[in-house]
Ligand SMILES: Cc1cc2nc3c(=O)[nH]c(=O)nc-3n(C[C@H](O)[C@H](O)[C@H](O)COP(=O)(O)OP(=O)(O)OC[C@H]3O[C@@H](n4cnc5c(N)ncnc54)[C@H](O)[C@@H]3O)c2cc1C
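What follows is one chain in structure tokens, specifically the form predicted on its own.
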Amino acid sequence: MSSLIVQPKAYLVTKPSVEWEQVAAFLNDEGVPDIPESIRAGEDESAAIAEISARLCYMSYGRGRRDIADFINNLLRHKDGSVFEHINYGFVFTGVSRSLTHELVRHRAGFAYSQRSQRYVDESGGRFVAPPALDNGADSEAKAKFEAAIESAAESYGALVEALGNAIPREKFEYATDHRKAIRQAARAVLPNATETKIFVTANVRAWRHFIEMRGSAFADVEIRRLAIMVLDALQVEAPLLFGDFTIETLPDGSRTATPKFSKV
């Protein structure tokens, strides 16, 4: 039986950082108050980036709102989301289906993607992602039919790889890797949307907020909604001022939704 995955994993692998010496030099050259008086966010680098960029627009360093939470909430309330585009977080997602990533990569503005390639990576012995519906009241017959379907797909893939290996002459290719790629890119045609994939995703705060708002909705597909909530869980810890306005609720089926106080920032 092919390996089945029921829960994805999300690894927060990149975070924003600030070169404080350069910030100090900029403030000094402009003749405005130094960091403690100008940048109220302190060591919260994500909020500091938003503050530095927002204050530059009006050269309001050392003036205006002194409470950083009030400052950030004012940006959110007035939908001044452009300054959040300077702040990037990168995640590695594993245990997600090709069905999920087909939806994920539709988020284009502010996103960058690097995904496991089915042309280069052998999917023999690969894993499959069980649809959340199978763990939400589905009877044993439904689960058995799903398992039979993915097992059949895995066997078909393996058989097709072998057959194509015999049918496509190695001598037509200069490199062995190109021969293997030709085989795998044809054989992947029989793999289902449930095939597990891995993807590195980087996005700015404005883009992540939009993703969570759209995919954290009760109307979103359950698998991607589950992932969106995992991203929100991580970012509320990392950047509470930038994501703290989202409210998480649990639906009758046990799945969760996320709704922002400040929508479409």
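These numbers were taken from a predicted model, which means no experiment stands behind them. When you see a residue number, it is the position in the sequence shown, counting from 1.
Omitted here: the form predicted in complex with the named molecule. The next part is about that form.
**Student:** If the cut-off is 4.5 angstroms on heavy atoms, which of these, H107, R180, R116, R127, is the one near the named molecule in the model of the complex?
**Tutor:** Selected residue: H107.
**Student:** Looking at A234, A220, L27, I68, which is the one with a non-hydrogen atom within 4.5 Å of the named molecule in the model of the complex?
**Tutor:** Going through each option in turn, the one that passes is A220.
**Student:** Is it true that H210, M214 and K264, all three, sit within 4.5 Å of the named molecule in the model of the complex, judged by heavy atoms?
**Tutor:** Verified in the model of the complex; spot residues all in contact, yes.
**Student:** When the named molecule is placed as it is in the model of the complex, which of 185-193, 151-159, 171-179, 99-107 ends up with heavy atoms within 4.5 Å of it?
**Tutor:** Answer to the contact question: 99-107.
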